[in-house]
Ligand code: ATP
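First comes one chain, alone, set out as structure tokens in the form predicted alone.
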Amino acid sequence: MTQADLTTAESADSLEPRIIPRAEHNISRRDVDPEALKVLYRLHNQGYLAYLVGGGVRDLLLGRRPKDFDVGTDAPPGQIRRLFGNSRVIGRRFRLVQVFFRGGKIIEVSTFRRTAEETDGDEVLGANNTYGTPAQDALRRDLTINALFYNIADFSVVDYVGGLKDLRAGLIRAVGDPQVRFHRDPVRVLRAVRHAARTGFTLTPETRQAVEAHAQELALCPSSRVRDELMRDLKGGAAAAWLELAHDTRVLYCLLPSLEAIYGPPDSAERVQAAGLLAKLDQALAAGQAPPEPVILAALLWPALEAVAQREEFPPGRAGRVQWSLLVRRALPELAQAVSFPKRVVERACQIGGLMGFVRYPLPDQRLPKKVRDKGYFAEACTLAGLLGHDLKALDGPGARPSKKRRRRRRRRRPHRSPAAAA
């Protein structure tokens, strides 16, 4: 059976999984979150199928520590809720159960489902999914490497779509016909590029063709969904690699068309600079220092801002800083307009970007005004300055000329005059 055949309920019913026993894979229960194990074992002991699913299995097979451990089962949501008193059911279109543990940890448990694409024809973003079998659940997933299951009953890996083979070959392959799957849900385009960047794997030729063919259809998806997926790309620890692959496949310019004229040319120095800034953010994330979203947005757009600034002449000193701040407030929202970033993120990116005027157009021995140092976004501005190779705090260090203090005028007190004296 070919990948293109893996799209129908009939193929799922006849699909036999490859079972990889414990001796032939590297997943150990010692590497699985203890709370996730509690959920798996309780479901299993109650007679239900209990699988670790999705990216957690992929990362464990790659020897990485998963960020999330999600569970799949044949138990319906109502029964899952009854099994776990520390849980709640969420979702209106498709219900899943969140099981809560100490420390704010959440394990999400979903009932196996089949994709609505089996019956919804050629509709983009078709109707909601319904419950199904493990095979149907595997076939509805985006990429083969994300469709692997870990069975707690016998510690085996369950593979319906050849995901383990692709994982070992370093390939990113869509489940089923990628032209159909990416048309039905264009957000899968972003996921294919994301996982290729994070793993260093190669998109298969047919998957890459589908990515390039359907990237424009991202405009048909809810803007909030596209925005959230993009921020996951930029905050995932492989933003620099993502930028280059998004450029090569033109996904970047389907998301942010305003960047094409600046980052699009093959020899774009601005794109190289942007990749370097994102690489620094990746390093900070690897060191456990998660950059704030406004800093990430400003870093992505910074070389474009500098390219826009080349059209103007900036005077030295305070006048240049004011002009720079006005340019940032005008140009940054325009560059980011195609993606519905939260207004608070765009506003904060403008604020910290505007403060870079102090390092772009400094005065000799200039000290930062106290009102600047007291801004709530000053720490984020220092982070952005550090990425750009500047030390904003140094402008407030020893040797800086103190700012002039305005002397308060003392009001002269008039002598008290009694009413009788006034008469």
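Position 1 is the first residue in the sequence shown; the rest follow in order. This structure is a prediction, so every number in the text was calculated from the model and none was measured.
Same protein, other form: the form predicted in complex with adenosine-5'-triphosphate, not shown, and the subject of what follows.
**Q** Is His195 a contact residue for adenosine-5'-triphosphate in the predicted bound form, using a 4.5 Å heavy atom cut-off?
**A** Judged by the heavy-atom cut-off of 4.5 Å, His195 is in contact with adenosine-5'-triphosphate in the predicted bound form.
**Q** Against adenosine-5'-triphosphate in the predicted bound form, would Arg141 count as a contact residue? Criterion: heavy atoms within 4.5 Å.
**A** Arg141: yes, in contact with adenosine-5'-triphosphate in the predicted bound form.
**Q** Quick check on Arg191: any heavy atom within 4.5 Å of adenosine-5'-triphosphate in the predicted bound form?
**A** Within the cut-off, so yes.
**Q** Examine Asp391 and determine whether its closest non-hydrogen atom to adenosine-5'-triphosphate in the predicted bound form is within 4.5 angstroms.
**A** Outside the cut-off, so no.
**Q** Which of these residues, Arg330, Arg82, Arg225, Lys235, gets a heavy atom within 4.5 Å of adenosine-5'-triphosphate in the predicted bound form?
**A** Here the answer is residue option Arg225.
**Q** By the heavy atom within 4.5 Å rule, which residue out of Asn146, Thr133, Thr204, Gln323 makes contact with adenosine-5'-triphosphate in the predicted bound form?
**A** By the 4.5 Å criterion, the partner-contacting residue is Asn146.
**Q** Could you tell me which stretch in 161 to 169, 335 to 343, 257 to 265, 195 to 203 has residues with non-hydrogen atoms within 4.5 Å of adenosine-5'-triphosphate in the predicted bound form?
**A** That would be 195 to 203.
**Q** Within 4.5 Å of adenosine-5'-triphosphate in the predicted bound form, counting any non-hydrogen atom, which residues from 40 to 57 show up?
**A** Gly54, Gly55, in sequence order.
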